[in-house]
Ligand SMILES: Nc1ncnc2c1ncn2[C@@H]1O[C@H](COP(=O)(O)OP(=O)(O)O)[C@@H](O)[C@H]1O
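Coming up is one lone chain in structure tokens, specifically the form predicted on its own.
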Amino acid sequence: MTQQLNRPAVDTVEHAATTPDVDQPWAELGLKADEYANIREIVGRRPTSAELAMYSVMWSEHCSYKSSKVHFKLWGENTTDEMREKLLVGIGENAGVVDIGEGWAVTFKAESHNHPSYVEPYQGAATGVGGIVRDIMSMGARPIAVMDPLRFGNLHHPDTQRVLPGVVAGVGGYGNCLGLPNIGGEVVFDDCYQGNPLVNALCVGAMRTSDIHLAKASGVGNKVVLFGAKTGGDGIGGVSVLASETFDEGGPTKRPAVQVGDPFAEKVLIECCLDLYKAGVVDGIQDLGGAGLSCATSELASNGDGGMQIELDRVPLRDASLRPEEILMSESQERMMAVVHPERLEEFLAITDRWDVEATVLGEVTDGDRLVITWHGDVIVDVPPRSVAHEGPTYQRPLERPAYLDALQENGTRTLAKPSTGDALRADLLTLLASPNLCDKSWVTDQYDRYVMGNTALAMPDDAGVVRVDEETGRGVAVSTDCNGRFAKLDPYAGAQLALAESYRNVATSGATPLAVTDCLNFGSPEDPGVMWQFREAIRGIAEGCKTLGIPVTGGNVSFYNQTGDVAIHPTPVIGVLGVMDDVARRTPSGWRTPGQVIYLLGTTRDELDGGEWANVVHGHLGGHPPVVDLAAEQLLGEILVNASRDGLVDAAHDLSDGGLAIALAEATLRHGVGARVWLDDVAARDGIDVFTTLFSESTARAIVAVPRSEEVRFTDMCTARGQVHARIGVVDDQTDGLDVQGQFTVSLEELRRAHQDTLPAVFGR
């Protein structure tokens, strides 16, 4: 690319106007022929090399959402006025912001860094964390926690053993150095992710409602300031190009350098930004992430009320040999861009100087409608900023329900051999507990600092992460991320709603009232009509599900081209739900501690094994229909769990999802090493199923709770009054060594621990 761009010393606008027939590397930069022709029409000539670089990264799939944005209207169509009441900033900004009461606001968002993390696992994952943290910073908030939903290929594949340790070290290394607690996430293994691991990152930030900042450049004469790290050659084209194509058998046709992160520089940048906000010297702000300066300048100008003029040669460089195009495309980390009133510039620079953060005035807001960039006095970019940032291509990709789906859905679990004795049930429980998706993830999570800052109330392996926002009152938030790609493969509409329902349920089990949603939508190639049908169905499921639950989507991310050749990943719409609680001291953990407490099962169990972990682990089977979604039942269950937590009626709560009741009982027992006696015959008879199905079905809208005996009458009265299905199925018993499923089997704590804890260390070492 650099050789082809290296025609004159600098390709100026004047030179471009007089050389219309110069051959340009638009295809190598990821543009289609019609897109290149459109650019020429917009600028009224051939683009300069710098303009071509800007359009190529900003019109990439990752930056422009050109294949997905036609479906985003479903968000607005399904967001009611009532849902907007707590929504302070919605879709379109760097991150969504919601009002959590008492003058506090919380911003949160999920992003993907999938492709870079496959190429270079450590830096790909580390800079994914850094990027999402800067999105939160740019809203005016202090970042307070991170989460990492991760998906890898087969646990025993050699490449998984290359990718996973690097990704985990990158997430932990960057987040730990920032001093941010990692309070949750997922680690999922499936063969479909073998060539396309998914590294999603979520960050939560807190601020006063009066401190919100937006990405806009307004006010003629206001200065445009670049501050933070110097610009280098790392990540040129980076995620914006790398994340906009598939990996084929020969590797990517473009493999630009993955960005290199410096968490200590970002930590200083966080504190510097907070001081700038406190001083009131920032009119507008934008982080530099995907597409770097191309994105920051064009988006700030496009969101403002004028134009912008930039002197690109003023950008501080780590590599003096970088050409203008490379400076515009570089995705070097730990950089921000601010719009500052001239009268406040000296104060702004005094603050950056105090933090030893380099800051440079690059230009100013103008009264025109053009983004003009010069290089040593020569104009190299002269474009309408909206055409770069917001008016790129929009594709109506063909949609088609995949032909394989009928046969896949007809191939359910009814014919699979099922255990019929207590010993066989016991063996299946231990097999599932040791399986990659259900085993203990401490090998991963112990590499993360979960309690730094001192505000973490719950973290892995509890159902949701809970972090305090207000140290005086204890007000805080709970966050969970969830998605079962196997369910989404069977039915993307239902699968997306099941992800939403599980995340909603996990937040409620912690005692928090669900408030808002972010998403990270991971799919295959948008050029495949089957993938686009899956994508459309998933968005429809999330949007309609959120409307039913009454919680808005505040923002998110789309990651396409997660496929190798013509083999795509399972549709993986990861859903993050955030909830609020008045006092995190009253949060509900997922495991029981106190002997004598009564165990209740909330919800109804149906014969729903299709797509579940029992079929996956025991039979290697995927087929049939996912569990039925019942969002009204999820809402009712959520209300019961939140009210029970607030009123002190439950001491522990654990949702039922992957692996069903069997895994939930085992995990709640293992959490604090306290045993339980359980009886299931009555509840199985009530639901018209056998004990095996009671144990391993993955029916939704269910949870188990541990109720103090002194509160049992109040708890059951509340369930009865509200119509919540409930059944007394056991008792916490420290005299029971492990789990005693009466009339079926017993399994000791040591056996449960050994099965649960040995899987990952056996592969990656202790």
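The first residue of the sequence shown is number 1, and the count goes up from there. Only a predicted model underlies this, so the values are computations on that prediction, with no experimental measurement involved.
We do not show the form predicted in complex with this ligand, though everything after this point is about it.
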Query - this ligand in the model of the complex: contacting segment from 440-448, 352-360, 415-423, 157-165, heavy atom within 4.5 Å - result: 440-448
Query raised in the report: If you check in the model of the complex, is P461 within 4.5 Å of this ligand, heavy atoms only?
Result: yes
Query raised in the report: Looking at the partner-bound form in the model of the complex, is N557 within 4.5 Å of this ligand by any heavy atom?
Result: no
Query raised in the report: Does any heavy atom of N182 come within 4.5 Å of a heavy atom of this ligand in the model of the complex?
Result: yes
Query raised in the report: Just to confirm, E186 within 4.5 Å of this ligand in the model of the complex by heavy atoms?
Result: yes
Report summary line: The one option of D491, E325, D655, E266 with any heavy atom within 4.5 Å of this ligand in the model of the complex is D655
Requested in this report: Heavy atom within 4.5 Å of this ligand in the model of the complex: which of D135, D482, E334, D610 fits that? Just give me the one.
Outcome: D482
Query raised in the report: Going by this ligand in the model of the complex, which residues of 146-164 come within 4.5 Å of it through any heavy atom?
Result: D148, L150
